[in-house]
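Okay, so here's just one chain, in structure tokens, the form predicted on its own.
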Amino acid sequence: MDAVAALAALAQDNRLDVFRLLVQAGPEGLTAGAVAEALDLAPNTLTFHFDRLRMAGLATVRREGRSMIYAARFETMNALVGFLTENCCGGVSCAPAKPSKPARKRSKVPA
């Protein structure tokens, strides 16, 4: 696992939103269309973000019929959390000093 590549991939808002959605979907994953609709992202933009997540080892893709199914790679996510715990928290579980802000909610803007 390349921690720098994984963190760099997650450092962009849309990619973080995509990854969060894939994690919430679980191992079965989601179709590209479902992700695009849920996050209101254009297909070409979404393809770019999927590619970055795949190159960082954070997502996989498989074909089912005509659909591309994307899923989070939980082993990479867990390795990244382990790396951060070991290297940033001295190997012990750590928590923020104050509660973090909740995830951003996207609202669809009427056309």
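From a predicted model like this one, the values you see are computed outputs, not experimental measurements. Note that residue numbering follows the sequence shown and begins at 1.
Quick note: we don't show the form predicted together with the DNA, though the next part is all about it.
Colleague: For the DNA, considered in the predicted complex: do all three of 15, 45 and 68 come within 4.5 Å of it, counting heavy atoms only?
Modeller: All three within 4.5 Å in the predicted complex.
Colleague: Is it the case that residue 49, even though its partner is missing from this view, gets within 4.5 Å of the DNA in the predicted complex, heavy atoms only?
Modeller: So residue 49 counts as contacting the DNA.
Colleague: Answer for residue 60 alone: is it within 4.5 Å of the DNA in the predicted complex, judged on heavy atom distances?
Modeller: Although the DNA is absent here, residue 60 would stay clear of it in the predicted complex, with no heavy atoms inside 4.5 Å.
Colleague: Quick one: does residue 80 come within 4.5 Å of the DNA in the predicted complex, counting heavy atoms only?
Modeller: Although the DNA is absent here, residue 80 would stay clear of it in the predicted complex, with no heavy atoms inside 4.5 Å.
Colleague: At 4.5 Å between heavy atoms, is residue 56 in contact with the DNA in the predicted complex?
Modeller: Flag for residue 56 set to no.
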